[in-house]
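Next up: a single chain in structure tokens, the form predicted alone.
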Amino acid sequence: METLTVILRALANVVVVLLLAPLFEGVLRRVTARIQSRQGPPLLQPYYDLLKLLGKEDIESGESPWMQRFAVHLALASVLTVVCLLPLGAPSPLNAAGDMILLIYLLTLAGICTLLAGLAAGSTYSLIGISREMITMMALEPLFAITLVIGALNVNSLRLDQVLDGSVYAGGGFPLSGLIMLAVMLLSFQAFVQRVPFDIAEAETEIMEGPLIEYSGPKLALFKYAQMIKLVIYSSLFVALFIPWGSALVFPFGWLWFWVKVLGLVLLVTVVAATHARYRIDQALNYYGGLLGVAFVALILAGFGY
């Protein structure tokens, strides 16, 4: 019975994220349009887009169709597995099934799927896109790993339930390393969710969505869905680590408050994306390098207990 309860809670996490991810995307589009003095699409437009793409013919035009299919299904599977491990306003349903290392691997795997998609497409634009994506991953994945490692150092454990229970950085007052990582994650958050000014790997006006240029129909829908879910995942991780206050309230108030905070973070992403121009890859790399250097300083401080 206990195993069944855990499975049902994990499935509930997946269902909630699958339902809310397009809604957050719709909020992002709508608010962006308002900031830019446009009417914008309906709030539910992302749902319509996904349904329309899922209903289209599955045309395969890349160099390696089987790799295209494998990449898109692996991308969606990896992000949904992460969803099962996260405390989305409630204790993580599968916190005993993995640790911080598994979480880092799964999030990295989602990025690797983008590289596989671009390689399978074989287009010039897709190859440019995956080269940019690879450079971005080499800078951002260590940055995210450092954030979780500092959390693990503060609790002397790699357990998900202990690192993501809201007490690592903020529960007993921010340590110095926590304050530094809060600033670093805020400044790099736009890059983690691949939004302007850091959507360099896709850059629709430059390389026509790069790695996804040869995707259409159901496969494009699933890739877009995975990207929407990544926005929810990184927002949820940020809330769990840095702004956990109120999550311990009685259900459903704590659960609802958690999603209000996630929505607030999505609105912040929206405002930044709507008011900034896209960076060049060399500008972004310099930016990532500076943040990575600061993160290493925070890691050293955490090693000494600060």
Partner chain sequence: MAAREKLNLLKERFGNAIQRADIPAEDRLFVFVDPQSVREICRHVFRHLDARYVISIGADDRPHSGDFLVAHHFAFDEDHLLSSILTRIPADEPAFDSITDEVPAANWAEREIRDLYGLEPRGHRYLKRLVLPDGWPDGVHPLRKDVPFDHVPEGFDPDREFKFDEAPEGCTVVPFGPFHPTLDEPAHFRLYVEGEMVRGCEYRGFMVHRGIEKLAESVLTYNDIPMAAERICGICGCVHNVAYAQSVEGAAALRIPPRAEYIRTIMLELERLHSHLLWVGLACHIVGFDTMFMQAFRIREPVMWIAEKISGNRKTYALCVIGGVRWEITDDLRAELRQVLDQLEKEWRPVVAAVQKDRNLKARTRGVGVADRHLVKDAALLGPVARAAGVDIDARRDHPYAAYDRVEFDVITADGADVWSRVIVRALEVFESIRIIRQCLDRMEPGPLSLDIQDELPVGRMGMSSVEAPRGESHHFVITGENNRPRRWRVRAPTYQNLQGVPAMIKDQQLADMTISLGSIDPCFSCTDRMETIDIRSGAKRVWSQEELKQLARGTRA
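Remember, it's a predicted structure, so these values are computed and weren't measured experimentally. Numbering follows the first chain given and starts at 1.
What comes next is about the form predicted in complex with its partner chain, which is not displayed.
The closest non-hydrogen atom of R29 lies beyond 4.5 Å of its partner chain in the model of the complex. Although the partner is absent here, R69 lies well away from its partner chain in the model of the complex, with no heavy atom inside 4.5 Å.
In the model of the complex, E206 approaches its partner chain with a heavy atom inside 4.5 Å. A277 belongs to the set of residues with a heavy atom inside 4.5 Å of its partner chain in the model of the complex. The candidate stretches are 257-265, 42-50, 29-37, 238-246, and the one lying within 4.5 Å of its partner chain in the model of the complex by heavy atoms is 29-37. Residues of 280-295 placing a heavy atom within 4.5 Å of its partner chain in the model of the complex, in sequence order: R280, I281, D282, Q283.
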